[in-house]
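Okay, here we've got a single chain as structure tokens, the form predicted on its own, with questions on binding and movement later.
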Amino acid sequence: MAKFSSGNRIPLKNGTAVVKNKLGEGGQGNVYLAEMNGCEYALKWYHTNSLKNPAKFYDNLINNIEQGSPSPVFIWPKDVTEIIDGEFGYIMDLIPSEYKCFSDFLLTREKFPSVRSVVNAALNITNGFRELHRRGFSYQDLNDGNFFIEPQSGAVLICDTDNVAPYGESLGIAGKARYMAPEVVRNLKAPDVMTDRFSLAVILFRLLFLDHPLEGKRTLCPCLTEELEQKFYGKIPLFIYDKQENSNRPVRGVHCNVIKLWDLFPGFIREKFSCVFSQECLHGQKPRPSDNEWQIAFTRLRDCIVKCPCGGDTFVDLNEDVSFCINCEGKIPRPPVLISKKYAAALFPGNNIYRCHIDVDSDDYLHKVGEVIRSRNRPDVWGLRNTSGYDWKVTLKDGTESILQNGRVQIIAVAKSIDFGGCVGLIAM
């Protein structure tokens, strides 16, 4: 395999990259810092014989570049090199230093400052794969090394997109142990969108609960051989919180994270994981939850986050009068709730409402259209500020109507409903 030094010029399909220094080395190849058109990028150069079908892989890279990235969260190939002595590579953006590898969160080298940050990360990961699949691609090699997360905001970047291929295409990449769907482990099928759904669920479970969904009492053994991997992840996988079978429950002192965290999350989230890791879904008798279903679930989860007086983020049950803080166990009275056709969102100071809350045809969970604020002079008075860019019509509890102009604030306690234009949201106190 070619090894490059500082100053080496690498011909690209659409220009030239100049190598500056080596950044790292992996199973498929080396990664270099390179300059192109006055900007710095990463150059990945593949090891000889690391690809089962180099010609097909090369053509797939070119196709992906032509198609363009399905979402900004993907570190997508920008240009491919010319083939040099049978070898090649591609150029991609560098990952900013504030983004930390997901593996470091699993090892607690990095931590999220709040529950909201974790939920934002789950939303961003889910949406990225939803857009990828909508564009006709499958990822095929989902694992903990693919994700980089900015801890404060939960912003996500997804790398290793050179393995992404159109539906029905296989590049010979099966995946990484412990993340492959049971049918892939057993060599019953090649990776595709449906197997991506399994791998995505494993990533999301580990993000929230910091343990593996299939690793409990049964998987504790001195050495995880290839035969045992086939057994635990392929032939007879069993969810640690399976509803019918309890022989693979988490073990105290070993699986401490999931034991601590599982019951802290709302029931609808636990139910979603119970579904995707049920025996029916594990063995293909029932479809796995789609990316869109996960996005809706995590939007719901974000909508029930509030700040406890103890200072920590917590979840509230929007159907109950009182909830209990997951940090201090103090009582949290149910806040006012905005109820729209698809969602119910806590109207709590510091929370926002988004396009998906006020537009029945939208699933945009990023575009903020309103924010809940607290009165400076009377902290017990909460208001909803319109930041949508257009006016809303508010119906008050006394039956009168008023126009809430963009930028203005409506006191929540006296409002009955808001007509956002095509969607009416009810306010429940």
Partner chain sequence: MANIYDDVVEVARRTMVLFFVVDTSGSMEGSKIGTLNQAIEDVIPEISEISQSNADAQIKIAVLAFSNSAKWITPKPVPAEDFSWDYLNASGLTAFGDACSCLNEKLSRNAFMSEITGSFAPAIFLLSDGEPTDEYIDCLDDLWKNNWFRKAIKVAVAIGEDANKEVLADFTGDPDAVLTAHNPEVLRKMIRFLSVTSSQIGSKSSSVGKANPDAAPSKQDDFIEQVQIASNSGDFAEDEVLW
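All values derive from a computational prediction rather than experimental measurement. Numbering follows the first chain given and starts at 1.
The next section is about a form of this same protein that is not shown, the form predicted in complex with the partner chain.
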Answer range among 161-169, 281-289, 103-111, 333-341 for contact with the partner chain, defined in the predicted complex as heavy atoms within 4.5 Å: 103-111
Selected contact from 153, 257, 274, 246, since only one has a non-hydrogen atom within 4.5 angstroms of the partner chain in the predicted complex: 257
Contact residue in the predicted complex, chosen from 295, 352, 323, 219 - any heavy atom within 4.5 Å of the partner chain: 219
Contact flag, residue 49 vs the partner chain in the predicted complex, heavy atom cut 4.5 Å: yes
Contact of residue 229 with the partner chain in the predicted complex (heavy atom, 4.5 Å): yes
4.5 Å heavy atom contact, residue 121 to the partner chain in the predicted complex: no
Residue 192, heavy atom within 4.5 angstroms of the partner chain in the predicted complex: no
Heavy atom within 4.5 Å of the partner chain in the predicted complex - qualifying residues of 331-367: none
